[in-house]
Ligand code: FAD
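Next up: just one chain, as structure tokens, the form predicted on its own.
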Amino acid sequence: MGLLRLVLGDQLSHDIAALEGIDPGRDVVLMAEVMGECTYVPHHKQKLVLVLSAMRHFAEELRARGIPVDYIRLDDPDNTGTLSGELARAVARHRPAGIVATFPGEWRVLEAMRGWEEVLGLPVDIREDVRFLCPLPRFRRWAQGRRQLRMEFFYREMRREAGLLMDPDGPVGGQWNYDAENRRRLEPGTMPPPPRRFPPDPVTQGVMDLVAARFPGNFGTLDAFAWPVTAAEAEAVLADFIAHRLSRFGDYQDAMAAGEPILFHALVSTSLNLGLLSPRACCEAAEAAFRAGRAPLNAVEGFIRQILGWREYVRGLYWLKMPDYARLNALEANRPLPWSWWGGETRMNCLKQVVRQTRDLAYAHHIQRLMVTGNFALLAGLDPAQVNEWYMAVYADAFEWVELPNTHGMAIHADGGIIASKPYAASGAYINRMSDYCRLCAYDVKAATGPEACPMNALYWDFIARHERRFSANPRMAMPLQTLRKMAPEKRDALRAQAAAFLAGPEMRPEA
């Protein structure tokens, strides 16, 4: 009697811990598509297709290696709709001596796993997820006793341990972080090379038909689906990025441009988060390009920082602070999500560009998420639970361990400063500096009041005024607070009235 080895939809790696030491003659791998995982948030249609297609491809790869796979499809007539229910049915079918699983990516799944031994009457071995570069016990040791858990200091330790971009006497180039060199606006006439994309094969097309039939009302379109769904395709995407876009990624990673959703970004986050790509392999490929003179240091360091630094950091923080972290609402925000975020009309071109792009591609790069939708949510005081659900629902790479800290902490400051030492609040001037969105907008980015004034401007000063007392002890907020306090009372009142009128207006109508 062998073991039942569970592989989840974001654990599609042949070296996943649950498969270590597998005996194909005695053990069975269980993979299950269940409605509960498809509906706990209203996922973008492309995210559903991506995960389900990648699961089906991975199951076939296991079978090709001689590994027995018990695969439950979403449309199987006896599907219970829950992971726990399918596990119980598999136990009844196979009578295993025990269950082996890999540590999951979401708190709610771990809570279910912790109850399986008692319910099923079998030992359940939940193994550490070795795909990450920083094991969770290692992160807890780093965090212990620290008053502030800043990513930059964690990142430096990870660089030393991994040996990436290191010389014998310290970091290559003499400094750890080149973020200041990564903020160029896209110059007119700059033509980003098209990314490597993959048209749906028969397996993916079958999943697309299933999703279109089962989830017709979900956000998003399937027309442009071209995500990698196998490790081979994911590796091709990485190679294409290294060859054609990495060299300019550093300069333009914060840039935004209408009609240019990808720019010089890597498009590897979906593959990393599903397990189709190794984070170390991504970092080593970028470092090799730098060592060979094919990419500059600011580009390679920025790319490695996002993976070795930020990605590992937010995972560690998520598991350190959950489940209470998800309930934090430090700024007491409670405004409903506006309908424009689900495709409703808005005159704000920046929001229009990002929401439409998200609808069509299930993708927006980090600055679009942080400084357009995230900044707007922060300034408008949108409810953190609704904002987090939206980010989880609409992006193909969103899994809670990575989405929640990025949104809750970095974008909307709902954690009160656990992640970011100040809120990432900005007026329309930031968006105008980093994009061409404002040039095509119905609003005037240079105006703060009046019928055509950019809403971001008044919302920014209303946000600062609303939280003046809260931010008074934060040295990084001293400059905007000083500017606010120097304002003539009539100007301050006019800005707050402008913000109030917008927040009460048609563009802020909640979802119907």
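These figures come from a predicted structure and were not determined experimentally. Each residue number is its position in the shown sequence, starting from 1.
Quick note: we don't show the form predicted together with flavin-adenine dinucleotide (FAD), though the next part is all about it.
Proximity to flavin-adenine dinucleotide (FAD) in the predicted complex, defined as a heavy atom within 4.5 Å, singles out one entry of F290, Y391, F139, Y318, which is Y391. Residue in contact with flavin-adenine dinucleotide (FAD) in the predicted complex (any heavy atom within 4.5 Å), chosen from A101, L276, L267, L186: L267. At a distance of at most 4.5 angstroms from flavin-adenine dinucleotide (FAD) in the predicted complex, none of the three residues Q11, S13 and F132 contributes a non-hydrogen atom.
You can rule out all but one of 93 to 101, 217 to 225, 369 to 377, 204 to 212: in the predicted complex, only 369 to 377 has residues with a heavy atom within 4.5 Å of flavin-adenine dinucleotide (FAD).
Proximity of D397 to flavin-adenine dinucleotide (FAD) in the predicted complex: non-hydrogen atoms within 4.5 Å are present.
In the predicted complex, T407 approaches flavin-adenine dinucleotide (FAD) with a heavy atom inside 4.5 Å. Contact annotation: L83 falls outside 4.5 Å of flavin-adenine dinucleotide (FAD) in the predicted complex, judged by heavy atom distances. Not displayed here, flavin-adenine dinucleotide (FAD) is approached by E403 to within 4.5 Å at the level of heavy atoms in the predicted complex.
In the predicted complex, the residues of 304 to 319 lying within 4.5 Å of flavin-adenine dinucleotide (FAD) by at least one heavy atom are, in order, Q306, I307, W310, R311, V314.
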